[in-house]
Ligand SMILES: Cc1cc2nc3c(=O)[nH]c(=O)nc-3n(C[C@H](O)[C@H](O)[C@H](O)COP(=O)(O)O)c2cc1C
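The chain below stands alone and is given as C-alpha cells, in the form predicted alone.
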Amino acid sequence: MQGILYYSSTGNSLFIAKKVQESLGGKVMFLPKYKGDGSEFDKIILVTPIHSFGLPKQVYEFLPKLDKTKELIIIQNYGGMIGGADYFAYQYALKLGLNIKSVYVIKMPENFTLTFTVPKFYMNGVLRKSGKRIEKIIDMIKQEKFIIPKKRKTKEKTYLKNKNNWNLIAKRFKTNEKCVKCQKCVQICPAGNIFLQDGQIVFGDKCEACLSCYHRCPNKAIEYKNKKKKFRYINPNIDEKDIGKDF
C-alpha cells in the first residue's frame, strides 16, 4: 500500500491527495500528525503547498526522517510563483539520500492573501482547471512518466531566510470583537502556536505561516496588521472539517 502524506491549511493539498487516492489507492494521512518514517508503505506520495519558494517548515523537517528505501514522489501546488521550488525540493531530497523519483507542480488558488485579494473570477478559473491538471499528473504517475526538475535559478536563499522568520507573522495577528473564544484556531494550528490564556486568544512564537487560523476562523475574527479584510479561502471541493484528518 502507498502512503499519501499531505500538508494542507485550506484544503488545496487535501483535494489533490484525495483525487490521487481515488485513482491510485493508498492511505491519506495528515503529515503534521504522522509520527512514522514511511517504512510501512510501499511508496510515498507527498502532497504539499509551496511556501515562499520552498517547502512548509514541517515538510522540510520531516523529509530527513523518511525511510530512504521507499520510492518518493512529490506533488507541489502553488498559487503565485514557483520560484524554483520544485528544483529545490528535488535537490534537497537527493541531498538527504532519499529515493526521489519525481516532482510535479500544479497551480491552485492562492491562499496567502494577507495583504491583497485575488479576484473571484480568477480563483474560479483556477479551480475549474485544477481537476484536469490533477488528472494529468495522476496519468503520468500511472505511466511512470517522472519529471526531474531542470536546473534553474532558485530563490533558495529567500526561502531559507523567510522560513526562519515565519514566526514573526504571528506577532501581527490579533482577534477582534467577533471572536467568541470557540478555540477552533487553537485546535487546528499544526504548529501548536495558538492558545487561550486569561480568557484571550494568544499567538505564540512558533508560527509557520500556513494561515489555517486566518482562513478557517468561523467568524473571520482574526486580523492581520489590524486590517479587517473580508476575503477568506477554503477549497470548495472539500469539507473544511476534513482538513487535518486521515482517510
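Since this is a predicted model, take the numbers as computed values, not measurements. Start at 1 with the first residue shown and count on from there.
The following text describes the form predicted together with this ligand, which does not appear among the structures shown.
Comment: this ligand is not present in this chain, but in the predicted bound form one of Leu66, Met29, Val59, Ala209 has a heavy atom within 4.5 Å of it, namely Ala209.
Proximity to this ligand in the predicted bound form, defined as a heavy atom within 4.5 Å, holds among Ser102, Ser130, Asn77, Thr154 only for Asn77. Screening 88-96, 102-110, 67-75, 138-146 for residues having heavy atoms within 4.5 Å of this ligand in the predicted bound form returns a single hit, 102-110.
Residue contact check for Phe53: one or more of its heavy atoms lie within 4.5 Å of this ligand in the predicted bound form.
At a distance threshold of 4.5 angstroms between non-hydrogen atoms, Gly38 is out of contact with this ligand in the predicted bound form.
In this stretch, 150-174, the one residue having a heavy atom within 4.5 Å of this ligand in the predicted bound form is Trp166; the partner itself is omitted from this view.
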